[in-house]
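Just one chain follows, in the form predicted on its own, and it is written as structure tokens.
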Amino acid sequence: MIARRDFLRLAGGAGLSLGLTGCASADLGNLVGMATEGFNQSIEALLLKQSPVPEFALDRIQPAELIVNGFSNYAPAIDPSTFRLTLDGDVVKPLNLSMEDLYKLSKKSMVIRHVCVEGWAAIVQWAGVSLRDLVQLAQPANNVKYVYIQSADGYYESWDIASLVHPQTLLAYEMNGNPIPIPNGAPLRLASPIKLGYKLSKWVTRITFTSSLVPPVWLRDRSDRALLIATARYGLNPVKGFWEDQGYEWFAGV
């Protein structure tokens, strides 16, 4: 690893179910506006006080500068027709959403700078679903402060809830006006201008809401084959995130 990554390693830390039937029989986009009753008031307060990061013009996009990297050479090919995104944990309404369900939600596009801990950056256009819309649908409990994020390749991450509901934190399904390529995280990946690249998980399949940074069952059990391989290869005891558990900064703000 190059200097900045080594530096962060040494620095350390600086219900109800909305299933497919419900989604198919209703206008899912309208449900966002209907889900406010019983919504966590502390998260509502976060939504009101957050400000967006300045974005770039479309002609500033740097497609050649976005480097494909990851913790392994494994890039899972996920069939979008069978893909499901799960939102669970301490929520009133667990969700199990298809890509068609996600397409029904309001689509947000942004042109932001993706910053890698290795010292490079690229201006990219991302488009997809705002995490704050999904959070509003799931209705987290009042004690929720964090989420754990599972990826199809075995990668795992955790975020603070305030960063998750930032207006420019997306689950993106488009990159530079086209569907995201598999190496970049298709069909769904995190995109945000407020976090370093290693927090922006690719191939996202699950988001689990929690009151503390205690790994959820799916992470503790390590039942996913790719996660078992990663754990065996790197000797990890999963706690906060793949790279964080090797000494990288947890918050990783830009």
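Keep in mind the model is a prediction, meaning the values are calculated, not measured. A residue's number is simply how far along the shown sequence it sits, counting from 1.
Although it is not shown, the form predicted together with a small molecule is what the next lines describe.
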| query | finding |
| --- | --- |
| Touches the small molecule in the predicted bound form: residue 208 (any heavy atom, 4.5 Å) | no |
| Exercise: residue 68 in contact with the small molecule in the predicted bound form, heavy atom 4.5 Å | yes |
| 4.5 Å heavy atom contact, residue 189 and the small molecule in the predicted bound form | yes |
| The small molecule contact in the predicted bound form: residue 114, any heavy atom under 4.5 Å | yes |
| Interface segment, criterion being heavy atoms within 4.5 Å of the small molecule in the predicted bound form, picked from 100 to 108, 84 to 92, 116 to 124, 129 to 137 | 116 to 124 |
